[in-house]
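Quick heads-up: it's one chain on its own, the form predicted alone, in structure tokens.
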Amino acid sequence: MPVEEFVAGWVSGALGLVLGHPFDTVKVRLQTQSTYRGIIDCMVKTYRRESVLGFFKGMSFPIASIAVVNSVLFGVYSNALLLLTATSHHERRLQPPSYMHIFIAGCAGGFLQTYCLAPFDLIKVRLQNQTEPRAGRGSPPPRYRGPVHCAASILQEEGPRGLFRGAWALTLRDTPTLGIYFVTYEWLCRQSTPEGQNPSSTTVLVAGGFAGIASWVTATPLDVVKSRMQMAGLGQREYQGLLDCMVSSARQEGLGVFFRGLTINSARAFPVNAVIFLSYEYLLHAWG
């Protein structure tokens, strides 16, 4: 099984994570807290209360973990395409796979990555939702002192199953969404590239950016449900399951609640995924 795709996925995932994490923090807070009037209000309050460091809460853990999850996504995707089409990454411009094969391989990557992602994403969301300013003399300490303490606390208070809160919503979010993600990227690359040639850097950037937007437009409703289920019980309602979370949220806040964070998701998705695909394609080309 080729390993280059896994390594390239890890590196590109780490770069995208550093670029997109501040936007992700704002998105998570908008989805799980009702104290903000919008994106700007959330950004201003976060900066005033927690300084610029507040936007980077929970990032150290994803650098070592969620970047690895991106490695799983791209590695599984590429190797699933290899099984379906018997063509390697470097041969696919001469023998383009069908969009159905791309969609199936993307869904396979999305499905398998959720098993790795669920605990890491939960810890990230819990840390991002800590709005306390940095500990000072006389100020109450935050609930979690860091990612390891967060994981240990969840295990102690909620058991091993607690680390997988929202995992079902995450699976439903990522499985079809990542199929759409790779199909969009490939379709845009093919529209702008002569047959048999590799896409230019500009084409990869634009295609990767729009693929990110397309995937987040699809994913945002279940992303809201996922984030709420991950925060359940911590000063918020405890949900009986995914359907209960959806019905309760819609009743209390209207259908618009499922599109919270869509604007910032889309704004973040373009540069983050443009960088991810450009670095991924560059590394595979360099190693080829």
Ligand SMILES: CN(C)C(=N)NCCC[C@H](N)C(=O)O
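Numbers follow the displayed sequence, beginning with 1. Just so it is clear, the structure is predicted and the values come from calculations on it, not from any experiment.
One more form of this protein should be noted, the form predicted in complex with the ligand, which is absent from this view; the next part is about it.
Just one of Q128, S78, S215, S71 comes within 4.5 Å of the ligand in the predicted bound form, counting any heavy atom, and that one is S215. Checked against the ligand in the predicted bound form, the residues L178, A169, C189, I123 give one hit for a heavy atom within 4.5 Å, which is L178.
This chain is displayed without the ligand, yet in the predicted bound form the stretch 170-178 from 170-178, 196-204, 154-162, 100-108 comes within 4.5 Å of it by heavy atoms.
Residue contact check for A219: one or more of its heavy atoms lie within 4.5 Å of the ligand in the predicted bound form. The ligand in the predicted bound form is approached by V272, whose closest heavy atom lies within 4.5 angstroms of it.
Scanning 255-269 for heavy atoms within 4.5 Å of the ligand in the predicted bound form gives just one residue, R268.
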